[in-house]
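Taking the form predicted alone, here's one chain by itself in structure tokens.
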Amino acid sequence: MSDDNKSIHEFDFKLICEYFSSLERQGPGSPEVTLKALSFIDNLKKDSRIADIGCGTGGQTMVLAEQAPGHITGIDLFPDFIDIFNANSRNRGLQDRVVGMVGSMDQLPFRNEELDLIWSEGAIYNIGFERGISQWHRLLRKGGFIAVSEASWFTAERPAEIDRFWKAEYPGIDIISTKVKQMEKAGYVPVATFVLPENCWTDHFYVPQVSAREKFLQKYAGNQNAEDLVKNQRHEAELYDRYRAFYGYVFYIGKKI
């Protein structure tokens, strides 16, 4: 592959939204991983307040809601994602306690110490891990939890091709121990850290894109931006297949001191 692949951030937001809205998850993950991360959270009650930041269409949020008590607010920048999120909530009979709203993760509509749990799967990179966990800290009650999945290096050194790709996509990527130190510095006790299994990338993210991709390309036949977006996603999947030993998503769970 040549180096002329664009960063995902360079594509039209509407095209990105349409491409990913047909997927149950907009990033690597799985119901099993969501539940594993939830197993480390022990402060939730019926009146608990939970925010899922960068919720997408709510694949992980609905799993969370069906297994945890409390009220969940999903926040995402894309109105189309939130429309699907709220439809998913209604379809599962969760609309009384699971509501999605359009918003930005760097201007969240919560008061200081309002939340018992902040959740974010595969989305905090939009603001940056260190900045996100620091800014969101004030929104949590003392003893509240934060649980985020974040792209991380598994090794201190890696092949040049994958190093270049990720540093262009997400300059904040780093090794796991650095992320844990950032969590401590931001005022959390690290409760758990675990690597997401490879099937979170393959079976739950890249494989579902194959059929979605065909429909997308049929609809946008001859549209260079759409074709480039698909090329970009194929390239990312190929890189993961080659270099999965060097990086992946990691769940970081912390408790506010």
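Predicted model only: the values in this text are computed from it and were never measured. Residue numbers run from 1 along the displayed sequence.
The following text describes the form predicted in complex with a small molecule, which does not appear among the structures shown.
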Okay, which stretch from 85-93, 169-177, 104-112, 140-148 lines the small molecule in the model of the complex, with non-hydrogen atoms inside 4.5 Å? 104-112
Taking 4.5 angstroms as the cut-off for heavy atoms, does residue 133 touch the small molecule in the model of the complex? no
According to a 4.5 angstroms non-hydrogen atom cut-off, is residue 116 in contact with the small molecule in the model of the complex? no
Any non-hydrogen atom of residue 165 within 4.5 angstroms of the small molecule in the model of the complex: no
Does the 4.5 Å heavy atom contact test between residue 72 and the small molecule in the model of the complex come out positive? no
